[in-house]
Each structure stands twice: as C-alpha cells, then as structure tokens.
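We begin with a single chain expressed as structure tokens, specifically the form predicted alone.
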C-alpha cells in the first residue's frame, strides 16, 4: 500500500486546473460554425483595416464609369475623344512665328491618339455596378463597411463597458450605491429611446465619433440590468465566499471570479447591441443625423438606394444589404459559439 501511495503522488502533483479562458478557447476551436463565422468577421476586419490605411477603396469617390452602370465583370472603358487643331500650311508658312509650340503639336497629337487606343482596349470591372455619379458601388460598400462596422462595434463596446461596470457595482455592493445607480437607470429608461438619441444628437452633432457617443451613452441600460441581476446571484455563491475568505479584494472578486462566469451574458448582449447599433446608424444617416455628408456608410448607401430602386437600379441596395447581412450573421454566430464556450453550465457537462 505504501508503494502505491508513493507512485501516485507525482501523478497527483502534476494535475493542474485549466484556466477559464484557455478552456473556453479550446471549446470554441471545436465549434466549426463558430470558427467559420469568426473567419468571416476577421476577413471583414482586415478589409476595414486595409480600407482605413488606404490600400483598397481609397478612390471610392472617383467616377470610374457612366452613371447607374449595370453590374458587369468586363466592359470597355470610356473612349477618350481627341481634337485636332488646324494650323496654317504651305511652303512659306512659318508656324513658329504664329505659335512657338507649333512644332510639338504633331507629337502631342500622336501621344493623345495612342492613349485613346490604350484606354479603349482596357476593361473595367464593376461587379456591383455604378451609382448615380458613376462611382464603383463595390468600392463604396467596402468603404461603407469601414464606417458602419466601426460605429456599430465601437458603440457596442462603449455601451458594454458602461453597462457592465455599473451593473457589477450595483449588483455587488447594493445598498446606497445600488439605489443611486438604479435611479440613474430609471431616468434613462423613462425617456423614450428615440427622443434620447435625438437629444444627444443635438448636443454632439454629426460625425462618426458623435454617433458612437450617442449610441454608447443611450444603449447601456439593458445590459446594466442583466449584469446587475447576475452579480446579485453570484455574489452569495460558495466560490465567491471562498475567495473572500482567502483575502481576495472586492475588485478581484468582481472581475476575476464573478465576471468570467457571467461573460456569456455580456457577449450575447454585446452581439445584439452591435446589430442594433448598425441599424441605428442606418436610421440616423437616413434622417441626416448620422455620419458626415462627405462620408459613406451602409446607411447612406441605403438612403441613396431608395430613390435608385424606384428607377430600377437595384445594385446599390443589394451591395449594402448583402454586406450588412453577411457581417451581422457571422458576428452573431461567432458570439453564440463564444457564449457556449464560456457558459459555466456547459462547462460542467464536460
């Protein structure tokens, strides 16, 4: 019996508890749908980064085709028209006295004709056609995703940060601090959401940063309520009491022990906020309260597409809708997979 005990001791000493985040990553990596959705989201983020750095869609405002050009993959470029300047001719005509640049006209005319031939033989690709000014709709969709996703994700992060911190403080401490935060929450909830957004819009004005602040400062209330309830429930559980018994601080118990166990709730709510804020950006841009007039987003594209659709020009609407649908769906699936990986109930089934 003593030999067996000695042999088992090294094996028992080598057993280590797997961290919460490492275990969650391991479970997430086994979810094929979640990994595929994450790949799509990362691809969008890389496109957004490339667009922001000017590698792609930099000249989205350039009029590359005729107005309202239909979608096509190959098509002739516009022919450059040339004009020939008539000059005096004859054996005794001295063109240099009339115009010092006359000897160069023949050379320039030949170069212009060659340029026209080269441009005519080129082919343009307009996969999603052109808009009313002849701009490439695909380039607009890529550039628009930069602003729309930036607004949606960053505003969701702002709202998530505010709602999580305030909800954690209110649910963990309670009493007077909780009553004060509950009063602030009730003030925001008492005002209709659309009126609150318009009030903040009147203060901050137009622009990307303004839209982020407007949505972030008005969209935290739902997450606050959920996080508060979760912290009240987990605050009295055994693992939190054990952490308190060994001397863990309030901050440690809140954000190192309780928060990882309620992170799935935060992630799901954040995914809903991203989707909702992208839609809100569309509404604000349509009403003239969103991004600036010199910027392009999915919201401004949909606003332009409303008048285009009446005349049968559907491709700008299709480009903006398809881009938004793909990103929102992939982001939701990725977040669902992350929620399942972090859910403590599912962790207990392993």
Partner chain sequence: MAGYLLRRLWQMVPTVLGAVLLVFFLFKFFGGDPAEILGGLNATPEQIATIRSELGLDEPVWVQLGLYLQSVFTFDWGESWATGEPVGELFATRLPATLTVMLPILLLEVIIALPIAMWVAYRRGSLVDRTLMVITTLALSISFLVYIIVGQYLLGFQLAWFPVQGWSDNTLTNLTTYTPLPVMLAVLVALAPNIRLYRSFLLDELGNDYVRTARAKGLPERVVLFRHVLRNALIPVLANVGLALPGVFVGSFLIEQFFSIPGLGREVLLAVNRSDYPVIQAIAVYLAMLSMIINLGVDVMFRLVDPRVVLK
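Everything numeric here is computed off the predicted structure, so don't read it as measured data. Numbering follows the first chain given and starts at 1.
Missing here is the form predicted together with its partner chain; even so, the following discussion is about that form.
Per the 4.5 Å heavy atom criterion, its partner chain in the predicted complex is contacted by stretch 185-193, the sole one of 154-162, 141-149, 264-272, 185-193. In the predicted complex, its partner chain sits within 4.5 Å of a heavy atom belonging to residue 279. In the predicted complex, its partner chain lies within 4.5 Å of some heavy atom of residue 321. In the predicted complex, no heavy atom of residue 53 sits within 4.5 Å of its partner chain. Residue contact check for residue 49: none of its heavy atoms lie within 4.5 Å of its partner chain in the predicted complex. For the residues 66, 309, 42, 29, the 4.5 Å heavy atom test against its partner chain in the predicted complex is passed only by 309.
When you look in the predicted complex, the only residue of 232, 177, 127, 202 with a non-hydrogen atom within 4.5 Å of its partner chain is 202.
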